[in-house]
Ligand SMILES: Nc1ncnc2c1ncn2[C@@H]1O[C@H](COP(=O)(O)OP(=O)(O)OP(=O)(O)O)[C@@H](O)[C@H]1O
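Single chain ahead, by itself, as structure tokens, in the form predicted alone.
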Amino acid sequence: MKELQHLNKYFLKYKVHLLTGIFITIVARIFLLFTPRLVREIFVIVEKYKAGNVTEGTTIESELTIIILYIIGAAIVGGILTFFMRQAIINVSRYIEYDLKNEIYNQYQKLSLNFYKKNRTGDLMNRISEDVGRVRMYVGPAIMYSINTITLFVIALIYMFNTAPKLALYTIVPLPVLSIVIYKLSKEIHHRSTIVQEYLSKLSTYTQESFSGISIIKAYGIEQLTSTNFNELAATSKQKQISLAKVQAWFFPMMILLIGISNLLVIYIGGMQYINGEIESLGTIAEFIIYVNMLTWPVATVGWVTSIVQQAEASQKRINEFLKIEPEIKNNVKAHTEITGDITFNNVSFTYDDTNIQALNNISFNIKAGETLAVIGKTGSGKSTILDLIGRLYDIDTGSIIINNIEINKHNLSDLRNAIGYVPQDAFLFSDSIKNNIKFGKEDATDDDVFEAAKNAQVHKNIIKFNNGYNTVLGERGITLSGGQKQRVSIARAIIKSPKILLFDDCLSAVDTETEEKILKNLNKLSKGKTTIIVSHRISSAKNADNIIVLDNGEIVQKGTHESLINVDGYYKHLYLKQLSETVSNQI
């Protein structure tokens, strides 16, 4: 139960609803327990009239009618109260489910990129869906049935022992046996269902990765292989499901068997007591049979509830593992901070935790507000890492990053990121309309703002050719668009917010040279007064920058302007000459 203590704050939050539900539960059980005693009274009345003990002025019909009306009334009131009981307690479980999912989702958003590199998407989804669902069963049905069982058991036993102590004792003998059997079955069900959940998580992960990478699967012609792997995984999952079903199949038969044994004991023992004159009426036997049937399910739920609690604790433990992770990137400043765009790297070094690869080693440079810096280098030289560090997607190991004369970790994180327009190397678009994907950068943007941003990104003409234009809904990760179109929509999303800092991570690699020139021309106009960093493999994207740095193995090996660098023997000049010759060859 230690792991479930995390939920106590939610119980306190909804204590009024819970206490109301508990009170209604107790009252509802009391009304429902009127029925067995009233049924006994029916037998007493029938036996009285059969023996000729007729009260003057009354008839058997009138007396039975009154009792039947009482039974109906008690059932109606008990039913109405049961409805409100479920509304109170089950609704609380839905509220807590909602709060817990939001807590997990908010925690997911706070966690660093390292976390997502170490954990698979399928598992993350399983914890926020399946595991939270199991916890909801604990805070709803488990609590409701526990209160229901305790109330019903206490009141029923008091009635039974007051009416016929010996018969009551014999009647409840099978009930603990039932509870133990159900507990054992529930424990085994819990064990096997945990395994089933693990395989469901594996299936979810495998299918999610297969659907996301369907273009690669088709391109390599490995549909049959992936299908075979899926079938093997699904077959194992099926066997685990069948194994679980075999145990679950014992649940109700065992319960019905023990109910039958209890009823037989009531009839036999009660019958013998009636013959021996130890009980006055056959109505007592009928009353006890109803009690047995009313108590059987609550007793059976002891094992079922125990199983739910075990499953909930296991699921909450999995949830807590992520909730207890301290975000690596913390917002250390609550007050708003102003970002204008001055950026300085002082001897910055950074190593990725997951690979232990040093991406940057003792990097230093300065960009003044409104200037443009181009970063050139081979693949894996650390170019993208610079952009990630400016957005505080990672924190540096040594050195310092200064923005507006303030260390980056002393800026309000929200203000910092709101001041940045970032276009990643791998353009990610959501399964939404093109317009909403562009407005993602500025939620209150007008249609004119969207159109203007798309025009500056040289993608407007492509969009209006679609049947639904800007309302075209994209497939997952923007699969509806070509690589170049995705990059340009991503650029439009960045520039629509008119940020103080623009970061472009090789975002023109999938467009042709002519389109690149048009986009760069527009960006030069839009970036006036904005600090801009362009990471690229193309000299054409970097040549107009105020300053250029060349990276190699995480170190700056060259820096200067385009004119100065092409006159110095080095990587930049060699890359320039190579790309120049390629351009000339293409023109010929």
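From 1 onward, residues are counted along the sequence shown. Note that the structure is predicted; figures quoted are calculated from it, not measured.
The form predicted together with this ligand is left out here; the points below concern that form.
Residue G380 is the only one of G213, G380, G133, G73 with a heavy atom lying within 4.5 Å of this ligand in the predicted complex. Of the candidates K184, R417, K110, K117, K117 is the one whose heavy atoms come within 4.5 Å of this ligand in the predicted complex; the others do not. Here the chain stands by itself, but in the predicted complex one stretch of 399 to 407, 439 to 447, 227 to 235, 354 to 362, 354 to 362, has heavy atoms within 4.5 Å of this ligand.
This ligand in the predicted complex is not approached by K521, whose heavy atoms all lie more than 4.5 angstroms from it. Not displayed here, this ligand is approached by S384 to within 4.5 Å at the level of heavy atoms in the predicted complex. Although the partner is absent here, Q425 sits close enough that one of its heavy atoms falls within 4.5 Å of this ligand in the predicted complex. Contact check for K559: no non-hydrogen atom falls within 4.5 Å of this ligand in the predicted complex. For the stretch 528 to 551, the set of residues having any non-hydrogen atom within 4.5 angstroms of this ligand in the predicted complex comprises only H537.
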